[in-house]
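Heads up, the chain below is alone and in the form predicted alone; it's given as structure tokens.
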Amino acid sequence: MIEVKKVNKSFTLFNQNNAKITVFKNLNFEVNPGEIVALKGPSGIGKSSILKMIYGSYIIDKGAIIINNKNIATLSAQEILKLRKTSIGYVSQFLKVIPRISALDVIMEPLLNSGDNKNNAYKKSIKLLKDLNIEKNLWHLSPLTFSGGEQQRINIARGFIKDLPYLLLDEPTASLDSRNRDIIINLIKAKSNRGVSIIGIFHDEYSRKKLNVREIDLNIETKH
């Protein structure tokens, strides 16, 4: 289970006379195993910031985020990296990779970094590439040369390659046509059916309905 308890978060704008912007105050919610939760609210309300706080990229001002009985807010950088490697998958909006590294190597990397053998990592990566309709002639090219939709599918493959108990998704179906959107939806459902706790940002109503998400309306949950 993921538990967000009485979390406060603000940002200081150093280029604007240190103005302080409150993003969340007393934010509370939890996500059960196998549940898909969708963060709902207008652009700029802080949906991506919530994912980054859970992932440990953003420090929270007050409160607790509990994963595996550990409070993210109290962990060292090394402990957060370990937790990511063993427990939390994250698919961001944009693919960030080193130039000239092939799509296949990009997908394999999380498994190899966790000590998996190269043969197993290769087989899992090839299966995902096929499932996600990435043409074979692209597998050994850098994904930085791909279209936006192809890059997003590589990003998803990299985030889905490991079997982790928690998954954070930042607009995973954006930039995709209807066929590939349905493929991603089915992959997310499969993760949920295996007991993975999922928190996502899904701007299209079609995806939210197909995934049967529980919505958390940040207009209600947050108090400014």
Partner chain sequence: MIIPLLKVTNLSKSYDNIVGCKNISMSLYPGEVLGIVGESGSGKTTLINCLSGNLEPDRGKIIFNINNKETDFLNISESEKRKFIRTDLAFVHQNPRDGLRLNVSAGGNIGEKLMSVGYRHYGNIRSLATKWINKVEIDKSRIDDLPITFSGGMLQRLQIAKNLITSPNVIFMDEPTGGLDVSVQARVLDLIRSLVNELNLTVIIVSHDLAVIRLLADKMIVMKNGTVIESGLSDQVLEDPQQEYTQLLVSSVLHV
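Everything quoted here is computed from the prediction, not taken from an experiment. Numbering follows the first chain given and starts at 1.
As for the form predicted together with its partner chain, it is not shown, yet the points below apply to it.
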* Asked: Are Tyr122, His140 and Ser178 jointly within 4.5 Å of its partner chain in the predicted bound form, each by at least one heavy atom?
  -> no
* Asked: Is Thr74 close enough to touch its partner chain in the predicted bound form, meaning at least one heavy atom pair within 4.5 Å?
  -> no
* Exercise: Tyr206 in contact with its partner chain in the predicted bound form, heavy atom 4.5 Å -> no
* its partner chain contact at Lys52 in the predicted bound form, heavy atom, 4.5 Å -> yes
* To do: Answer with yes or no whether Gln78 is in contact with its partner chain in the predicted bound form, where contact means some heavy atom within 4.5 Å.
  => yes
* **Stretch from 30-38, 193-201, 58-66, 168-176 whose residues place a heavy atom within 4.5 Å of its partner chain in the predicted bound form** => 58-66
* Just give me the residues of 91-107, first to last, that have a heavy atom within 4.5 Å of its partner chain in the predicted bound form. => Lys96, Ile98, Pro99, Arg100, Ile101
